[in-house]
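Included below are structure tokens for two forms of one protein chain, each presented in isolation as structure 1 and structure 2.
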Structure 1
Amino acid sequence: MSTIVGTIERINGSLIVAHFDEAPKIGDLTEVGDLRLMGEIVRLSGETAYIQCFEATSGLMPGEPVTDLGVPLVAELGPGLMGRIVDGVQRSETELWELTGPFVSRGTNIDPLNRGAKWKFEAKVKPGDKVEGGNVIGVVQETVSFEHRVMVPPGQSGTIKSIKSGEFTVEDVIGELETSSGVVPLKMMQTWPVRIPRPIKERLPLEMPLMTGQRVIDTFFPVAKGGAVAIPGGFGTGKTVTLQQVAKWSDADIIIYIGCGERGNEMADVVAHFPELEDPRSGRKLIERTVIIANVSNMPVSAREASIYMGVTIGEFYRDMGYDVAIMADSTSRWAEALRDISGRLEEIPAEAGFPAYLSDRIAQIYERTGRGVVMGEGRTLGSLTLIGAVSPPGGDFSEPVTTHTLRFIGTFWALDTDLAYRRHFPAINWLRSFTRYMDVSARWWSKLDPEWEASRSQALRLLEEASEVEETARIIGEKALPDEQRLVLLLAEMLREGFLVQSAFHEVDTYCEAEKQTALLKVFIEFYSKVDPLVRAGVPIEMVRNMDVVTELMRLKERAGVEPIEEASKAILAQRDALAEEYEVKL
């Protein structure tokens, strides 16, 4: 690693213009000024470098030294990363607190991975074995819930010359690899430039839905493992709570939560409560298989811009171990605003809403790093990386650039609705504006559980859409002026909304709904409609249908554990339907 020293010529907020005696490289990390602030070269003009600082630049003066470190921003990947809370450039927030107190001193740089901690390494290969990049050479039980698989770094291949088990730090040499260019030391830690995707051996079609336990997501707008999701919504529509619910309940092996430019109080809530959440899979703490990247809104924009890349790179590392990884990015709008800020300081020609012309390219770079496939290494397994990106459009305007560009690169769209949120309908996902492109994947999986699932889902969505049209008419002429057949559609839509779509994140039972209960619950609502529709068409007043005891019971089934109450409700539908038919002398 060779370094080049230059001097500061001009300071424009977080942008530093420095002159070097010899040409530096774009993308290199730098140490700026006497405080040695961390920065990154984002533009070159001959021997003049434009540097974005990852820290506040107040107090710097022209003439102070700038050192080009000769390496790009990299993620340190190895044991000790799981369960940590780090900032956008991978500095541990807890270690910074212990070192400097609650107000972090500028220029405080610490190693991303603890150099003193020792980990019990168990070798899985022996001398003479042939390996290549991605092959697992040993494991470390990093937490009770997570086994860290130590891999050969990408691009390396050869024969194991020596390997040893025992307790080591991440910098200790645990073995040697005989390659065509000589002997390479093997360590538990590897590094990777965050802006370059990690290689994958073969991309495969998506085959499994990511189950979240949230009915409106799993049943109506599912996402596949390895897919990409956008969840746009205005202020107060529940983006953060929805992401936290998915993080807690999804069947992903590893969770990466990126707080990118969010308000400090929101991230404080995540940092305070997330480590206390119980992992429903193991009964231990969820943090044991979670990495949190906390980069709040008052931190410099360049660190915010880097935080998404850092999170995705960490996610790719765990994917390469053969795990299913889910990344929650909250929010990509703040990341895009950081791009706009940097672009403005670089005096680039702005495009729509002031964003740089390359905004769509940068969004594509992020979402294209998702997927499912065979990971690197001979005889390796499958891994997947799913990205769920929150979007915060100003005023809830989905036509703004970040939302519209994101639509081109995602497979599922969970459109949060302000009106639904004001009515306390959570998750506030609008069933008329949302969509999914992963229906084939989900239908194959659900059909094994219930062959009639796809038909039930289609009919439920059709009834919800029809109810929306009927409501427009009802606003003009009043509901009581509608034909009873249309009023039945409104009743069923209300039952679906209250008894299926609304789900409380704070209810002991309703916070998570297993797949068997979801399909049984949806089926019983459709069954109710199919059973009472002939009665209404035969002249039974809609008020009599609405007053059936089973109507209230159906809307409370979501709060009952298991599927047994649903089966009992199904029998009650038949009994009460038959009683009503007998009363009005309707032949069925």
Structure 2
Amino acid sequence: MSTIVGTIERINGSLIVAHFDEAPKIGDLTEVGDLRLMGEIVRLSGETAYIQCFEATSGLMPGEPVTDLGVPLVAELGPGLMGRIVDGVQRSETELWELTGPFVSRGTNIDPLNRGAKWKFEAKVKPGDKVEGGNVIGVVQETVSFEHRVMVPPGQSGTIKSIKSGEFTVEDVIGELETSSGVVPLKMMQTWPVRIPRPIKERLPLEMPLMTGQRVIDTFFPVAKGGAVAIPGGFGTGKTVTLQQVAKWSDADIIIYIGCGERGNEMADVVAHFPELEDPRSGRKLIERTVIIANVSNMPVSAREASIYMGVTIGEFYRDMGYDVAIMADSTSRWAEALRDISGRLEEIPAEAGFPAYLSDRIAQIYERTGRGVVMGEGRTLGSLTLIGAVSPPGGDFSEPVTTHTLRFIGTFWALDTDLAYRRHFPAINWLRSFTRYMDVSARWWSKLDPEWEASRSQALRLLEEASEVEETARIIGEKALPDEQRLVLLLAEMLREGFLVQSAFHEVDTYCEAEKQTALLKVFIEFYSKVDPLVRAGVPIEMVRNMDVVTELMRLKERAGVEPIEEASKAILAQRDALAEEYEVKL
């Protein structure tokens, strides 16, 4: 690794202009100033390099040295990441705290992967085996439930010359690979430049929904494993809580949670609460499958820009092991603003709202790293990478550049709605404005569980849509003036909203709703409608329907564990319907 030294010419906030006698490479990492702050070369013009500095530049002076490290920003990949909280350039924040106290200090160098820690490596190949980049050569039980698969780095191939099981550090040589260009040592750690996608052998169509235990998501606007989702919303509409819910309850194998330019307390909340929570399926601690990247709002913007790439690269690494990975990025708008900040300091010509013209390309590049496919290496191991990005539109207005560009590259759109949030209807996902392109994937999965699922779902959506039209009319003439059939539609929509769509993240039972319960619940509302609609048409007053005891019970079913209460309610519907029919002498 050759290093070139230059000098600082100018300091403009996070942008450093430096002069080198020998031109460095764009994308190289640098150490800036006497404090040796970390930076990255983002533009070259002759011997002048423009560097975005990942740390605060206060106190730097022109004339101080800049060292080009000759390598790009990489992620260190190997055992030891799981359950950790790191910053945008992969420094462990726990270690930073131990080393330098509760306030982040500058110029502190920490190896992303602990060099001293020993891991129990169990070889899965033997000398003479032919392997290529991506092949698993052994495993480490990294946490109680997480098996870390040690892979041949992408691009290498050959025959295993030697390999040994035992206790090793990430840098210890665990074996040797005989390649066409000589023998190379094998280690548990590899590195990868964060801005370059890790290769995948073959892309495949998406096949499975990512089940999240959130009804409005799984039932109405599902996401497929390997898909891309945007969740835009003004402040307080529920972006963060939704991402946290998906991080907690989804059936991904691995979660990468990126706090990109958001609140410090929210990251502290994740760190504090995840270790207490268990996966409802496997019972394992959620923190054991989660990597947290926290570059909060008051940290330098350049590191915020890097944090998304860091997270995606770490995600791809686990995908390459054959896992289903889901990345939460909160918020991609802050990442885009970091991009805008640097662009402005570089005096680039802005396009919309001050954002550079390449904003759209950068957004596309990030979402393009999602997908499902056959991972590198011999054989057909499958892995997937799902990305869910929060978008924070200024003034809550979805016509701004980050939202509109993002829309072009995603498959599911969860549109958060301020009015719903004001009435504490959470998740405030607007069922009329949201969409999903993964319906076929999802329908296939659900139909195996319940053949009538698709019919129930579309009827429920139809009712909700019809209700919103009826509401328009009601706004003009008043609900009282509507025919009872229409008022029944309104009642049903209200029941679906309160009894199905509203799902509190903080309710001990309802925070997670298993698939069986979701479909049973959906069906019971549809059943109720089909049973009482004929009564109303035959002249039973809507008030009598509303006063049926089962109406309240239906809206409370979500709070009750399991599906038995739903079966009970279904019986009650029949009984109460019959009683009403008898009272009003309606023949059924």
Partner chain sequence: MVVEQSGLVYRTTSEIRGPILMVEGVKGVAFDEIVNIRRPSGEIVTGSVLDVSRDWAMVQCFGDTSGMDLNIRVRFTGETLKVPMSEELIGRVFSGSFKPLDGIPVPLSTDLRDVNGGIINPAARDVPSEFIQTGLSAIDGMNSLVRGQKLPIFSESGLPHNMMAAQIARQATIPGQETDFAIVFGAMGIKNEEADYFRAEFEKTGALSKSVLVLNLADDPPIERIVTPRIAQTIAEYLAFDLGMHVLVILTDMTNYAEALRTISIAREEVPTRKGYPGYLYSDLATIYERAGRIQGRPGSVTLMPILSMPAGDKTHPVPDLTGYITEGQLILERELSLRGIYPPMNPLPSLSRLMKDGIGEETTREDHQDVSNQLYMAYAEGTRARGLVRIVGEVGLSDRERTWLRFADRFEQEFVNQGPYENRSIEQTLSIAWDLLSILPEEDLIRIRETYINKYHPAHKSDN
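Values in this document were obtained by computation on a predicted structure and should not be read as measured data. Between two forms, the rigid core is defined as the largest C-alpha subset superposing within 1.5 Å. For numbering, take structure 1's sequence and count from 1.
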statement: Which block is the form predicted alone? Structure 1
message: Is the shift of Arg203 between structures 1 and 2 large enough to count as movement, that is, does its C-alpha move by 2 Å or more after the core is superposed?
response: no
- request: Classify Arg433 as shifted (yes) or not shifted (no) between structures 1 and 2, where shifted means its C-alpha moves by 2 Å or more with the rigid core superposed.
  value: no
- prompt: Once everything's superposed on the core, is Ser399 shifted 2 Å or more at the Cα between structures 1 and 2?
  reply: no
- prompt: Cα of Asn265: shift between structures 1 and 2 in Å, core-fitted?
  reply: 2.6
